[in-house]
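Below, in structure tokens: the form predicted on its own, a single chain.
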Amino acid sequence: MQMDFSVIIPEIAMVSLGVLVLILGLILPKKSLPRLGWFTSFSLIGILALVVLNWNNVGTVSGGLYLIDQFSQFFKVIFLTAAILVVFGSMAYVDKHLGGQAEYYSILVFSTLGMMVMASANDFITMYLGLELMTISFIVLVCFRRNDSESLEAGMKYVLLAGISSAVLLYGLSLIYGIAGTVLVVEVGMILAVQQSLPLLLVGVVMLVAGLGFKIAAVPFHMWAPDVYQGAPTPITSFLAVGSKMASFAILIRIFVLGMFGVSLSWGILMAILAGVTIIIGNLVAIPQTNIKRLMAYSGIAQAGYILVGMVTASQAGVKAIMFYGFIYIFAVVGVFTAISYYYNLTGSDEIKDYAGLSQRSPLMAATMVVSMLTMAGIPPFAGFVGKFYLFMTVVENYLWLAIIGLIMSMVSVYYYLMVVLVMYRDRPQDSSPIVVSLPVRMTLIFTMLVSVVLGVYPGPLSEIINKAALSFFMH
């Protein structure tokens, strides 16, 4: 059987780009290395264009092990968009704090490749390979500041807990394989629908939830997030918060919605409880935080809970809601962390109190942080309101209590986001000199802010695209 390579051109391009950036790092003179950021970002834009142009070029590779449909294509758009924004927003940070530009950009490309593989994987082995490529890349990136004790500590914590979670996930997958006798997700779903091995299946499902729960930072598997978010280089924190989370949701959807659709176990109730607890703990523990990155870590935990709401019903509407919220979540998170990263470049501090008077020193940075935080809080007219509306609409009928929890906790999140806003707009700065924002950072801040506003006011076209992508997921 001849393999159709046209459907995996973006993946081939990503491999080529990652290797090319490493080679350029070896042959370019040292003074030219900062330009690698521009080269990487524009190359990623080109690959994103390939994905968009091949939107309707769907098919399978290797007998169905690798699946390209509009569902996976949309997730690839999410990953590539996040990578592009992170590269644009991190150039100044990389040049000042990290060095090793070629290694940094190359590993970031390979981590994105791992996410793309996860989105298209249609069997357990390919899923796990993509997951490990992403995880190993993030381990290197988290401890990239080799001379910083916090970064090294974050890397050690992440590698230990990531290893444990990967082992739990792999064992859960092996149990499911032992019951079904196949690694193909669709075939697993058909076989499990008539199997009666419930005790062993229950253990496998719990292990899958635990393994993937770590990747999305859901309670009680969230213990790594605050320390890793705080210690990792800030641009990597933003990519970890968006890319790793959404790639893991792509696997979660494929395994549970397709692979467990006929299972008599009530895993939807498990997802509902997990979502509710994650939303509550994430929002409440964020309140007393004084470090902006730790506050965003607990905010990210709460956001994982909101996205989990879409998993409860395992319906087309739920999948659509996850994809929509995941897309807008990119711009909110990257907008906040780009501002945090650039401000750290100037002050060397991530403490909230040191953001005093930021609105006077840089109105653009302060405005972007406000818009991004209110987007995550779900306040209209920003895009987060539409995303949360889609999510909670899927559970109102059968899980009204979960929608109520989400609504109350969204109001709680407004409180701790506004604490940051008050410091930026009410308090006086110790240094009143204006902050000159570099061109790539300015582009990133303006773009993320505009998208958060436009998609909140006019979400229709994006919603239609996602609806078709979600529909394609259920046509296998």
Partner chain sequence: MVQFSMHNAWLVPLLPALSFIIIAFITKQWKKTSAILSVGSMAISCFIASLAAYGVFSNYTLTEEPMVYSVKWFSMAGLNIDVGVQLDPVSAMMMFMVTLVSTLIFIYSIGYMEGDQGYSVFFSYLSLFGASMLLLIISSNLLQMFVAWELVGLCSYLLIGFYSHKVTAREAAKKAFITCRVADFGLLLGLISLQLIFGTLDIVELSGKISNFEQYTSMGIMTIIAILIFIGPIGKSGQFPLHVWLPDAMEGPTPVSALIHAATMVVAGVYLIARTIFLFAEVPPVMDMVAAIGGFTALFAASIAITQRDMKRILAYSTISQIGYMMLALGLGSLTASMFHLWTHAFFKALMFLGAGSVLYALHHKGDIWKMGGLLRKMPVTGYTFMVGCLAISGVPPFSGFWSKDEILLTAFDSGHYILFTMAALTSFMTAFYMWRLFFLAFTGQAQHEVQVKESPRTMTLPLVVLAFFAAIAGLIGTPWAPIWQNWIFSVHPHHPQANTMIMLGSVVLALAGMYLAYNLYYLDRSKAERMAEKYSFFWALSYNKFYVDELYLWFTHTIVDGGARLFYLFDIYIVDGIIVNGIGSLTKSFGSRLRLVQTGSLQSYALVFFLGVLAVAVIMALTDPSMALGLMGGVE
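On a predicted model such as this, the values are computed, not experimentally measured, just so you know. Residue numbers count along the first chain shown, from 1.
We do not show the form predicted in complex with its partner chain, though everything after this point is about it.
Engineer: Work out which of the listed stretches, 382 to 390, 85 to 93, 334 to 342, 234 to 242, brings a heavy atom within 4.5 angstroms of its partner chain in the predicted complex.
Structural biologist: Flagged stretch: 382 to 390.
Engineer: Counting heavy atoms only and using a 4.5 Å cut-off, do M223, D227 and I281 all touch its partner chain in the predicted complex?
Structural biologist: Verified in the predicted complex; spot residues all in contact, yes.
Engineer: So in the predicted complex, does A180 come within 4.5 Å of its partner chain, heavy atom to heavy atom?
Structural biologist: Residue-level check for A180: no, no contact with its partner chain.
Engineer: Contact with its partner chain in the predicted complex for V421, defined as at least one heavy atom pair within 4.5 Å: yes or no?
Structural biologist: Flag for V421 set to yes.
Engineer: With heavy atoms only and a cut-off of 4.5 Å, decide whether F71 touches its partner chain in the predicted complex.
Structural biologist: No - in the predicted complex, heavy atoms of F71 and its partner chain never come within 4.5 Å of each other.
Engineer: So in the predicted complex, does any heavy atom of G18 sit within 4.5 Å of its partner chain?
Structural biologist: No, G18 is distant from the partner.
Engineer: Would you mind picking the one in I307, L108, L274, V117 that has a heavy atom within 4.5 Å of its partner chain in the predicted complex?
Structural biologist: Going through each option in turn, the one that passes is L274.
Engineer: Only one of Y355, F124, F324, F138 gets a heavy atom within 4.5 Å of its partner chain in the predicted complex. Which one?
Structural biologist: That would be F324.
Engineer: Across 437 to 463, which residues bring a heavy atom to within 4.5 Å of its partner chain in the predicted complex?
Structural biologist: Heavy-atom contacts to its partner chain in the predicted complex: G456, V457, Y458, P459, G460, S463.
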